[in-house]
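As structure tokens, one chain now follows by itself in the form predicted alone.
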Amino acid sequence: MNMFRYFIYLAYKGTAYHGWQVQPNGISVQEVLIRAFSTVLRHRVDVVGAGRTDAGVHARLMVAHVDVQVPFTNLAAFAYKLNGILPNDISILNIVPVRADAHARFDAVARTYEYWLTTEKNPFLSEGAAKVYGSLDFEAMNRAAACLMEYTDFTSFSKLHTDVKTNNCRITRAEWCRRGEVWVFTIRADRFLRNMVRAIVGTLLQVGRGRMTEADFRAVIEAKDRCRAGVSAPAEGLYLTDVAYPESVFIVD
């Protein structure tokens, strides 16, 4: 039987979920999407994500792929139906036809995350940005962040005992900037390790507080030892914001 594959672009607020991936002990974004697709299509549909976000982590743009038996005749109408039954904290942004062998995870060439933090108490950001007490030296944090682009092995920022074959990543952007009421750390790479961004942010906060120098930060990277890095920053400040693919995976009318 011929199957038709689509990329699903979506956004979600991760506060109420135990991460992206289906879990035995809690509700996940993937599980909710599978139920919604299966309800509309009236048959079981698997949803394969571009990656796994942890519990409490958000996505302004996540990509997943699904296979269906009959091609969609009206993508906008189908997205509208899905949004009608999905909870308010998950939204379908777009549905795009792709090649039958296109893969949301393995064909991705780059991913971008943002980490939001605020140094002031703000009730409207309590679930969307991490609250950090005291002043931070963001210039020093930016100097340290720039070092990341000089390295490829990020074992020091990886969750222990994962099943990946390599801890090498190529980081092409890493910087802090002020955006209204929040400070935002933007990081882009070809791939990320489990817990990597939150571990990097937690270590950069040590630099911002004056507890670690740029040289110390480099030493953490070069040690390839998670115990040398800082405590992971809270989940509520982290957003997946972009997943990039080569044009060749898409079907152009």
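One rule holds for the numbers: they count along the sequence shown, beginning at 1. These numbers were taken from a predicted model, which means no experiment stands behind them.
As for the form predicted in complex with another copy of the chain, it is not shown, yet the points below apply to it.
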Using 4.5 Å between non-hydrogen atoms, is Tyr133 touching another copy of the chain in the model of the complex? yes
Against another copy of the chain in the model of the complex, would Arg179 count as a contact residue? Criterion: heavy atoms within 4.5 Å. no
Indicate whether another copy of the chain has at least one heavy atom within 4.5 Å of a heavy atom of Phe106 in the model of the complex. no
How about Pro87: is it within 4.5 Å of another copy of the chain in the model of the complex, going by heavy atoms? yes
144-152, 67-75, 120-128, 107-115: which one contacts another copy of the chain in the model of the complex at 4.5 Å, heavy atom to heavy atom? 120-128
Please pick, from Val22, Ala16, Ala244, Ala11, the one residue with any non-hydrogen atom lying within 4.5 angstroms of another copy of the chain in the model of the complex. Ala11
Among the candidate residues Arg52, Lys224, Arg191, Arg60, which is the single one with a non-hydrogen atom no more than 4.5 Å from another copy of the chain in the model of the complex? Arg60
